[in-house]
Structure formats: C-alpha cells, structure tokens
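Coming up is one lone chain in structure tokens, specifically the form predicted on its own.
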C-alpha cells in the first residue's frame, strides 16, 4: 500500500503517523495512506512559500504558464488512472470522475493561457506629458482549503489562478479525498515548479485550518466548504486583515413552470438533485412546481428516480455512487428521519441500501418528499445528499418568492419556454449562478462562479474574475 507524503519546499515528506483514505463504495479497500501533517508542517510550508515568493513573482507570467501547461500534459497522460482513483476515494461514478479530470486539465490550460495576456489598465491623463497605467501584482502567500466533493477541479480552480498571478501556495485538501489534489501537486512537481512555490499538507481540518489561518506569512485564504467553517475562517482571518474568499452552502431551487419542456424538466431536476449523490454545492435541493402540472410532474419525477441505479461508481451503468463517508451518510439519514417526522413518508426512497455489496459501502436511496411546507427543516437546511423537497406554487411570482426565501443564494434554475419569464427570473432570482432549461448543477471555468447571501463572501472564482482575488493593482504615474 502506497503512503502519500506531504509536499513542503519541493520535498516529499513521508515519515510520521498516517491516516487511511478509504473507498466509500467498499470500505474494505484502502486507497492509500496519507501522512498526517501537523501545525508545525503548516508553518514550515508557509515559510517555504514566503521564501519562494520573490523569485516566483519576478518570473515572467508566460514562463509560469509553461509549467502549468506541462502539468496539464502530465495529468492527461495519466487520465484514466487519476479518474479511477477519484471514483475510488470519493465515490462518484467513473464517467463523472473522467469529466472532472477533463475539467481539471482544461482549467490548467485556461489559466496558463491567461499568463500571456494578463493585462492591467492604460488610460489617458488630464495632464500634459503624463503617462499613467496600472499593472497587476501578486499578493504573496495564499492558503487554499478545498472540499472533497470535487477533489480535483476545486483545488485546481484555486491553484491555477493563484500560481499564474505569481503567488505561492499552501494547499490543504479535505482528508476524505486527498489523493486527487495530491496528483495535481505531483504533476506540478514533475513539470518543474520551483521549490516552495506549491506546498501540500493533509490531515485534520481543525488542526491544520487553524494553523494555516495563523501562519504569519499568509496574506490571503480561499475556502470552499461548510457555512459554519467558512464563518469561523472569516472571523479569525479578519483579525489579521487577510484577504478572504469563501464559498459555502446552498439550498438551491429549480422552478418548473407549466410551459416547460416537460420531459426535459424532469430529467434536469433528477440530474441536478441526485447525480454525484447530491453532493454538489449547486445541486437542486428544492423543486418548485407550478400548480397546474404539479401532480403530473411529481409522478414522472418519482418514476424517473426509481430507474436510477445506485452502486459502485466503477461499475458500468451506475448513476449514483455512495456518500463520501460514514459521517456524510449519517447526516443524510438523520435529515431523512427529520423529514419523516415533520412531514411524513417520502414518495420515493428514504432508506439506507443494504444487502450484498451495499453492506460494505455508504449507500442511500435517492429520496423525494412532496408537498413540503416552506418552513420545514428539510426545506431550509442544507442536507448535501440525494434528498429533494418538492413544493407547489400558484404561479411564477409565487415560485420566485419561494425560491428567494432562503438564507442562501448560490445557484437557481428555471424550466420554461416563456422568454419573458426567463428574463424575470434572471433579474429577480437571488443567486449568483442561474441556469435556464438546464440542471442547476454544472458550471464551466470560463465565467465567474460564486453566490450571494450566506453562500459566498469575497471576489468570485473562475474565469477572468479569479484575478480579482489573487492579484492586486500597482498604479503608475510617469512624467516624460
């Protein structure tokens, strides 16, 4: 069994206590052992990043880009292996893992390409013979804390813009699925990234997160995860006046109107609610359906859900894999029980799957509660699993009101053929990511990503907007 070390100052550190990376589809399988980093390791990583920063920041951005391009090629050469490892450590299906690996490679290439066109501002002065302009500059050592649900794409969409801007990095991935992020660091190492520019520490989120926020060289921290941890980071990082970027929870609605393409709407809701086991921050957790088609829609959605095949994501034909670990499974089952007590039995699902191979994994049935009251806990709190509540709306205005009646504002979707309702939704929905006649989950890397309300804080991620967090401006006035 391979032991995967922490990566500090260009060296793999493989000694010390380890923790197991377990396959959630078959808990008898240990994917690998990871060396458990300490607070002292975080300090060493931050110091290494600080020492490497001046030289890396001074390197021409196209030269930094060459390393990212090489890393993308290395990942490409190991594509199937890395995708299979992702399925084994996180549980998502092999096709979904391959899609995420492709996205990771494309993110590296996208931001590498930005290295050759990273611009600033050039504007005319009101004064004679004064040339004035502003150029981007890196901000220094950046801490990255990433989740397990997209164990490759999210680390990459933080790493790539941070590096191309000239920052140095300490990254702490989720301990439930650290190997996918480790592979990106391995590729950067083999691509020739200088010592100290990238540092990787694995282990306890509480211990390492606290150490990272307190590390003296740190200038900024980017976090994706739960709302409670995000708010803690905001409080602690603000004491040091660190630059902060937070992506947190969601309670994402899909509005289905009577004029929607019915079959497509059913498919989009099922996809967004249950694929990836509902473990996406942008997953649909509330379907708000216009009254005229409500009963027909619920019946069709139940039938579609019954056809979804749950199992080991490495097997062909599987639609939904397991929950990522026992804690996640128990949280999902607890919310299902809450739903049963406050609402009644679900119209489909509602149980842990047992028997045969199911006994060795963290499997739960995709679950739908229909005619749920707006103030029910399962309609208000993030479950982060394959549990959907369905709500009846009298018309579009009522549906939009319900969609917005949440503390969160990450993603929202509408299913309609009415172009006026589309624009009413676009301008009226209180969410940072909107989709029309598509699932609420599923984003690309070329546009800004992030939410509103309690879902997000700070500049957006991805696309050109990523530079707003990972760089600052230096403004120059020149008399000639």
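Positions refer to the first chain, counted from 1. None of these values were measured; they are calculated from a predicted model.
A second form of this protein, the form predicted together with a small molecule, is not displayed here; the remarks below concern that form.
- Out of the listed residues 350, 205, 217, 115, 205 is the one that sits within 4.5 Å of the small molecule in the predicted complex by at least one heavy atom.
- With the partner omitted from this view, the residue of 161, 385, 173, 346 that lies near the small molecule in the predicted complex is 173 [heavy atom within 4.5 Å].
- The candidate spot formed by 225, 247 and 250 lies fully in contact with the small molecule in the predicted complex, as each residue has a heavy atom within 4.5 Å of it.
- Only one of 391-399, 87-95, 165-173, 262-270 places residue heavy atoms within 4.5 angstroms of the small molecule in the predicted complex, namely 165-173.
- Taking non-hydrogen atoms only, residue 149 approaches the small molecule to within 4.5 angstroms in the predicted complex.
- Using a 4.5 angstroms limit between non-hydrogen atoms, residue 232 touches the small molecule in the predicted complex.
- For residue 154, a non-hydrogen atom is located within 4.5 Å of the small molecule in the predicted complex, even though that partner is not displayed.
- Within 4.5 Å of any heavy atom of the small molecule in the predicted complex lies no heavy atom of residue 197.
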